[in-house]
Structures are given as structure tokens and as C-alpha cells.
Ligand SMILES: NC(=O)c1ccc[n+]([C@@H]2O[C@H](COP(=O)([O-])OP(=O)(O)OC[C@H]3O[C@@H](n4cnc5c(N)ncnc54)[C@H](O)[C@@H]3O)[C@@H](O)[C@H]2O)c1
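The chain below stands alone, shown as C-alpha cells; this is the form predicted on its own.
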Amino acid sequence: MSQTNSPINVAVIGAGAFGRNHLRVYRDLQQHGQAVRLAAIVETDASRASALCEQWSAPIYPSIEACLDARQRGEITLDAASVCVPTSAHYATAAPLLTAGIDLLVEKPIAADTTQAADLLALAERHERILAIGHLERFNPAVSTAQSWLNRPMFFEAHRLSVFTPRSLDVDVVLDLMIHDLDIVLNFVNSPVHELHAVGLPILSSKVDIANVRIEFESGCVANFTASRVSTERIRKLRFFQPHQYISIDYARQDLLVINVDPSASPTPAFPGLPPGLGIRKPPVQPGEPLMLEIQSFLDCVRTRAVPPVSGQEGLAALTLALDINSAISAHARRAGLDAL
């Protein structure tokens, strides 16, 4: 892809819940004059593909092979694609696209296992392709703002709770939900994992639906993670402590709260219960849709050939940690006799 203002021709692979959102964003960007054009849709479900025909003018193909054959025949031009299929199909979908020279934004997690993920990284390098991973919360404006406040964080508390839906049941709650927070904390701490403990249980599906994890990093930082997809409420928060400071991120509200230890701080009327010696502020956060920001970033990388903010290597790191957590959960279940229930 050249660095001119010619449109980037994109495909969306998989038009389920995630894929429909990608389609919407690409359409909105195109309608607002951005240099991007929806060139193709790939959807294997015949009834879903039929419904798509009424909404989208782009050609719809039943398989990756059919789409790439059309490209080979010159019927379509294709520079980049969003891979929005179930995790179990990420590798089989992404590998031929990378081999064909197409830049990719792959929904998280990067693949079903680390071998597949490493192969995708190797293919991207061999064919000099962009490989961005859709860890959406990295583009949450509150997270982006919080990065400028980092000063050796030493304790994290992450809660990600959701009501049960039949979506993404091909993976457990660690790969479905917790991996968002794992990716962010790995990025914030920038230290190898020293030790981890984990427990989890299947509740409404055959896979783990609720999990709690404690990780100690080599830096001495400790992080606790709780994720559930069988909750009665929706909570998406990350809190962390660093020297003389506490920071709270509300992902859903795109809100940031900073509390400093400050002996000279005056009482804050907005927080009447706050004891003296603590200064509180809410840094301004420019609101924005994380998926829109993520896709815009991906398109910028396609055009400039820059390394994506969430690279394939970072996607592999988050996947590796998530799978290590799953192994720890399985080991705990065996010790506790839960695997026999």
C-alpha cells in the first residue's frame, strides 16, 4: 500500500456481532470522506450472507478462497482486512490472507494457541504485512489518558463482569473477557511474570465462566483479576496504586480518577467523605468509540507501514499469559477435585 491518499480497500471476514461493528465503522469512515473503501465481505453462513446483500453493496463471498480467487482474477482490489471470525478459526482465516499479501486486524485473542500465533507472526514478517490485534480497550480514551500518569504501578485490581450471552462460547472467560485487562496490565507494568495463582469454574457453559487470578511480576508489582460472564451486572474497571497515588479507570464511562497523597490538599466539596491529606482530580478524557479509534489506527499503519499500537507480538504475549492462567485453573481444579464434579 502506497502512502498516497488513494482509498485502502478492505474486507471484513465474518459478519457476526463483531464483524457487523467493523462493517459499520468502515462504512462510517467512508461516508465521512476517509480514504477507505469496503471492497468485500466474507460470510460462511448462507442465511446471514443473504441478509447482508440487502444492506451492503460490497460483494459477499462464502469463503476466504472465493474472495482471494476473485482478487486474483482482478474482480476486486484488496489491501487489508478485519478478521472477525471465532477464535478457533483465526489461524485458518488469517494465514492465507497474510500469504496473499493482505494487512490484517485480527480480533483478540490473536489465535487459539501460541503455536498458531507464532506462525502468524512469522507469516506477517515473511510477507512484510501489518498484523494488528484487536485488544479494543487499549484504544479506550480513559486508558490512553492513564498512560501519561504511569509512575511505577505496584498493585492492580481489575474487575470485568458481564451478563451471560451465547456469544464467544468457543473460548473461556479468560480468553473472552479477562484478556483485555491482561493486555493492558502487561503494557502498563512492562515486566515478566514471576508467579501466578488462578481459580475458575464453568457455570452455564462447558468452559470456565468465572475466574480469579493473582499475578506477581518480577518488578514486584501484584495484580488481581476477576472476570465473569455470568454476572447480574456489567462492570469494567481497573484500579491501580503507585507511589503516593491511586488511579481508577472506568472503561464503560471512559472516566479517570486520580487521588494523590498531598498533606496540603484542601477538602474537596465533590467528595465530602475524603479524609484530609488527599488531593483528588479527574483529568479530562476526550471521549471516543474505541473500535473507531482502533480501526483508524490500523488504517494509518496500513498506509504508513508503522508498527501497530497492539502488535502481533503483544497479542502473543497476552495469549501466552491467558493460556498459562488456564493451565493454573486446570491444576487448581484437579487439586480441589473440581474436575470430577
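Each residue number is its position in the shown sequence, starting from 1. Treat the numbers as computed from the prediction; the structure is a model and nothing was measured.
The same protein has a further form, the form predicted in complex with the ligand, not shown here; the description that follows concerns it.
### Message
Can you confirm whether 9, 60 and 105, the three residues that make up this candidate site, all sit within 4.5 Å of the ligand in the model of the complex, judged by heavy atoms?
### Response
Looking in the model of the complex, the three residues 9, 60 and 105 all stay beyond 4.5 Å of the ligand (heavy atoms).
### Proximity to the ligand in the model of the complex, single hit among 145, 228, 116, 93 (heavy atom within 4.5 Å)
The residue in contact is 93.
### Query
Ok, 85, 211, 123, 221: which has a heavy atom sitting within 4.5 Å of the ligand in the model of the complex?
Of the listed residues, the single hit is 85.
### Query
Which one of these stretches, 95-103, 130-138, 147-155, 199-207, sits within 4.5 Å of the ligand in the model of the complex when only heavy atoms are counted?
Within 4.5 Å of the partner lies stretch 130-138.
#### Entry: in the model of the complex, residue 180 touching the ligand (heavy atom, 4.5 Å)
Contact with the ligand, yes.
### Task
Report whether the minimum heavy atom distance between residue 43 and the ligand in the model of the complex is within 4.5 Å.
The answer is yes: residue 43 has a heavy atom within 4.5 Å of the ligand.
### Query
Hey, in the model of the complex, does residue 15 get a heavy atom within 4.5 angstroms of the ligand?
Heavy-atom contact with the ligand at 4.5 Å: present for residue 15.
#### Entry: Exercise: residue 48 in contact with the ligand in the model of the complex, heavy atom 4.5 Å
Within the cut-off, so yes.
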